[in-house]
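Read the single chain below, which is given as C-alpha cells and is the form predicted alone.
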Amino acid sequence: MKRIWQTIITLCLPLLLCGQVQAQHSGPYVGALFGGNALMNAKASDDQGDFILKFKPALQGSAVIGWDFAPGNPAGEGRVEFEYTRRSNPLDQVKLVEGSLKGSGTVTADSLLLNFFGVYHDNGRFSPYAGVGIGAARIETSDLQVAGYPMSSDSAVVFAYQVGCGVDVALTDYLNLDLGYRFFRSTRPTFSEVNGRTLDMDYSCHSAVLGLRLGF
C-alpha cells in the first residue's frame, strides 16, 4: 500500500505544479479511492447485557462510476455516482463491566451507495465539494473471539448512508485527484453468536481518502 501512495504522489505532483486548468469535465467517469478507516467503538448487546467493541484502524478501498454534470445543469453543479467500498477492521478489545478482555477476528463491511456531491467550480484547479450517499451494506463478523473464546461468525445486510466533503484537484481536463473525508454509518446489524444468542452492534466509521477519477 505504501508503494501505491508513493506512485500516486509521484505521478500527480508535477501536474499540481502546472498552471491553472480551465476546462470542466462533463459526462461519465470512473475512479478508485484508497484511505484509512477508523471504526468507532461499537456499543453491542446480547442476552447477557451491553458491552463495547473496540477496533484497530485499517485501510479501505473504493471503486466509483458516475456522471459529472455539465455547467449550467438545472440539477446544479456536481456529480452523481455509484460507489462500492470495502472496509475491514480487526477487533482489538471487548470492554465489559468487569473490565477489558483481548479480542480477535475482524468486522468487514461491503457497501454499495448512490452518492450525490455538490461541487463549487470557480474555473481554478481546486474545487471543494460536499454531499451524501445512501444504500446498503453487507456487514460480516469473521471469527470474532473474546479472550480466545469464539463469539460470532455471521453476516447481515443493512441500510447504510454516508456524508462526505473534500477537494477535487484538476490534474488535466479529464483526470481529477480527490482528497476527501467520509463519515459512514449503518443501521444496527444483528448476528448469531456461536452459542445461539443474537448479537446487535453499532457500526459507524471515519475515513480519510485519496483517489483518482478519469472522465471519458
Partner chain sequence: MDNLIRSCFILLLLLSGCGWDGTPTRHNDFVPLTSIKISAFYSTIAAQTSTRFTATGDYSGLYTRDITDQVVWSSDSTLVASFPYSTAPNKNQVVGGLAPGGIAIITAKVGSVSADFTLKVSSATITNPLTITPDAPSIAKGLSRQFLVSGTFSDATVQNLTEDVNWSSSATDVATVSDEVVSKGLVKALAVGKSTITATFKDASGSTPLTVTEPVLQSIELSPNNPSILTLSTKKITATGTYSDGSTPDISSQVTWGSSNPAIATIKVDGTVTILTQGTTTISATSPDGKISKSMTLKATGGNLTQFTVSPSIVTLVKDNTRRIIATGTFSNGSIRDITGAVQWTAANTSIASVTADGGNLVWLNALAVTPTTVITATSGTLIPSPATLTITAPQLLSIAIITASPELTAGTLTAGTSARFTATATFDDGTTQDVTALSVWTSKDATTATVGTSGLAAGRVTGVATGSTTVSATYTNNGKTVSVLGPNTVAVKSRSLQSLTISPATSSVIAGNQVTFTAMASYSDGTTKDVTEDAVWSIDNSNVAILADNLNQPGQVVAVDRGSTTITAIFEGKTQAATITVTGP
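Numbering follows the first chain given and starts at 1. If you're wondering where the values come from, they're calculated on a predicted model, not measured in any experiment.
Keep in mind the form predicted in complex with its partner chain is missing from the figure; the text below concerns it.
If you check its partner chain in the predicted complex, you find no heavy atom from any of 125, 158 and 191 within 4.5 Å. Using a 4.5 angstroms limit between non-hydrogen atoms, residue 151 touches its partner chain in the predicted complex. Taking non-hydrogen atoms only, residue 43 approaches its partner chain to within 4.5 angstroms in the predicted complex. When contacts are judged by a 4.5 Å heavy atom cut-off, residue 77 counts as touching its partner chain in the predicted complex. For the chain shown alone, residue 95 is a contact residue for its partner chain in the predicted complex, at least one non-hydrogen atom being within 4.5 angstroms. Exactly one of the stretches 29-37, 171-179, 65-73, 158-166 approaches its partner chain in the predicted complex with heavy atoms within 4.5 Å, and it is 158-166.
For the partner-free chain shown, 118, 119, 120 of 109-124 come within 4.5 angstroms of its partner chain in the predicted complex, judged by any non-hydrogen atom.
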